Structure formats: structure tokens, C-alpha cells
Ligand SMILES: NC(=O)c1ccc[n+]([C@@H]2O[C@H](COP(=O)([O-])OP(=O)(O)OC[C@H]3O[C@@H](n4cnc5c(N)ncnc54)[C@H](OP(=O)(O)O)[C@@H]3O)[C@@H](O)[C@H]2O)c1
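Take a look at this single chain, the form predicted on its own, given in C-alpha cells.
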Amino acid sequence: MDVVEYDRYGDASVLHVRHRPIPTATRGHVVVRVKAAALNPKDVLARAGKFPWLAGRTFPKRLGYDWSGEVVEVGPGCGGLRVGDALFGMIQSWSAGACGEYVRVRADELAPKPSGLSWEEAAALPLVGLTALQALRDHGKLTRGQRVLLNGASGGVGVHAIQIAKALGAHVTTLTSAANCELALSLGADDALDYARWTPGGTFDIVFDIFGNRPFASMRHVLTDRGRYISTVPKLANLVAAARSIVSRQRAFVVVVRSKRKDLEVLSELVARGALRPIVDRVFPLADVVNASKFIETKRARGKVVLRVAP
């Protein structure tokens, strides 16, 4: 099979498509023939060596966490799954590997592919959808009628966070570039503000700093007395802020996304009722993974960047 690997940390040029043996199913795992795989900032950060204590220092490493495809082999302990099932999911561990023709995945980290979605759309959804859902529902404790501020609402997590926050009943304000305000409004945002012209003000129950450039200390004055701040960036300052806020009325959190079948099914349910649609900016062939990765690094993608692996 063809699969994307790299032999050292570095820029996109370290990525190579190589021919490797097809994996076999083990207990609790299935082997999937990948139809599409999505790229995320996590792939860029891992490949650049930003998290070696998590990703490790052994090579070669593989790329990709989001995937959609069909089951070709079922291991023991995978009740209910059959060869031919159309599935989607997110690889939990830092081993990655979704950017290839076949991948072995845990049976509890996948769910049936949402009907009505293309393979590319289904692959675009897991990591960003799960991140937004778990940030807002679990860390934010979002309830109907609350006010949410999303900082960075045009990227993969942002465009899906708008829709999920609205589905949970929130009043949504976004901070994004002027060029992307129309997109945010089209996805259901109540207010879309140009971050370059925003004068910090208003009061929000939740501030979700998706872009990662507005730390907890700078946003406390726009939070309610018991407001919650959530970041997607696990840098030291955010981790320290989260730890110190345990004794504070205002709380800070860093969301660490978890791949859970039940939450994937929640996303599918939102898709089925028309409350959530995956946003795909561009689709590249697997062989063009270097250019796809370079486009992710521009931080200008409106939604997700997806690799088409098989027809």
C-alpha cells in the first residue's frame, strides 16, 4: 500500500509517499481501506517536532488522524462490525497513519459514516467536530441561551464550532478576518466581528480561543463571573492558567480531543438533522500531500483540507 511517512522532523518537504505492507487486524481493531483522509494543524505541529515528548523520536512516522473508508478485515473483539461497513473516525494515539491506502484503527474510535456525506466530507469531520463538541459541551458546560465568543472561526475547528454552538442553543459571536465574516454568518453566527477592529467588550459565558492568540489573562474581563475560557493550544502558559484557575470562579481549560464512538454518533446525528455540515476548502490527491501540508501552514484554509486516497 501507499502511505505518507517522514524520517525526521521538519517542514513539508520531509513527507514522502512510500509503499509498505498492508496492516492486519488485531484484537479490538479493524483494517480500513481509506477513501479520504483530512489534515489538521496537529499534523503540522507533530511533523515539525513541536511535541516530541508525545510523538516520540523513533522514525519513520506517519501522517493523518482523520479518515473515512470501508472495512476490509475485522479482528477479534469487534462485535457489530463487518467487512464492507462504511465508517469514519479519528485515530486517538500519536501514531497517526490515516494518510495511506489502508490503516488499522481501534473499534471504539470509529462510527458509521454519516449518510449523505461524501467520503471527503466524512473525513473532514472527526477531529474538528470532536474538538468543538468536547470543548463547548464538556469544558464549557454550554447550556441553551448562553453567549459564546469564538476567536478564530474560519479554520477547521472554527467553522464546525459555530454550528455546534448554535445546535446547543448558544448566541454565537465570532472573531475572524473581515474576509471571513460572511462565512461565519452563513454558518449561523449571530455576530461576526473583524478581529482587527474589535475593541474587547461585551460579556460571554464561554470564550473559545481556537486560534490561540488570546490568552486567559487577556480575556477575563469579557467573561461572566463564572465564565469559562477554553484553548486548543497545549502550551505551558495555557496549562498553568488552567491549573491556577481551579480555585477561581472563572475557569480556564485546554481541550484535549478524545476519539469516542458515542461522540462521533452525536456528530452524525447533527448532520442527519441538518444542524452540521462539514466545510471542505480543498481536496488534494494523496500524491500531492506536500502541497496540501503547505496550504495548511498558510492558516488561510476556510474549513478543512482533505486528501483523496481512493475513488
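Small disclaimer: the values here were computed from a predicted structure and weren't measured. Start at 1 with the first residue shown and count on from there.
Only in words, not in the display: the form predicted together with the ligand, which the text now covers.
Please state whether all three residues Gly152, Asn213 and Thr232 have a non-hydrogen atom within 4.5 angstroms of the ligand in the predicted complex. Yes, all three are in contact.
Stretch from 128-136, 184-192, 164-172, 68-76 whose residues place a heavy atom within 4.5 Å of the ligand in the predicted complex: Heavy-atom contact with the partner occurs in 128-136.
Is there a heavy atom of Val256 lying 4.5 Å or less from a heavy atom of the ligand in the predicted complex? Heavy-atom contact with the ligand at 4.5 Å: present for Val256.
Would you classify Val157 as touching the ligand in the predicted complex, given a 4.5 Å non-hydrogen atom cut-off? Contact check for Val157: yes, within 4.5 Å of the ligand in the predicted complex.
How about Arg18: is it within 4.5 Å of the ligand in the predicted complex, going by heavy atoms? It does not: once the ligand is placed as it appears in the predicted complex, Arg18 has no heavy atom within 4.5 Å of it.
Is there a heavy atom of Ile296 lying 4.5 Å or less from a heavy atom of the ligand in the predicted complex? It does: once the ligand is placed as it appears in the predicted complex, Ile296 has a heavy atom within 4.5 Å of it.
Name the residue from Ala55, Val283, Ala275, Leu45 that puts a heavy atom within 4.5 Å of the ligand in the predicted complex. None of the other options qualify; the answer is Leu45.
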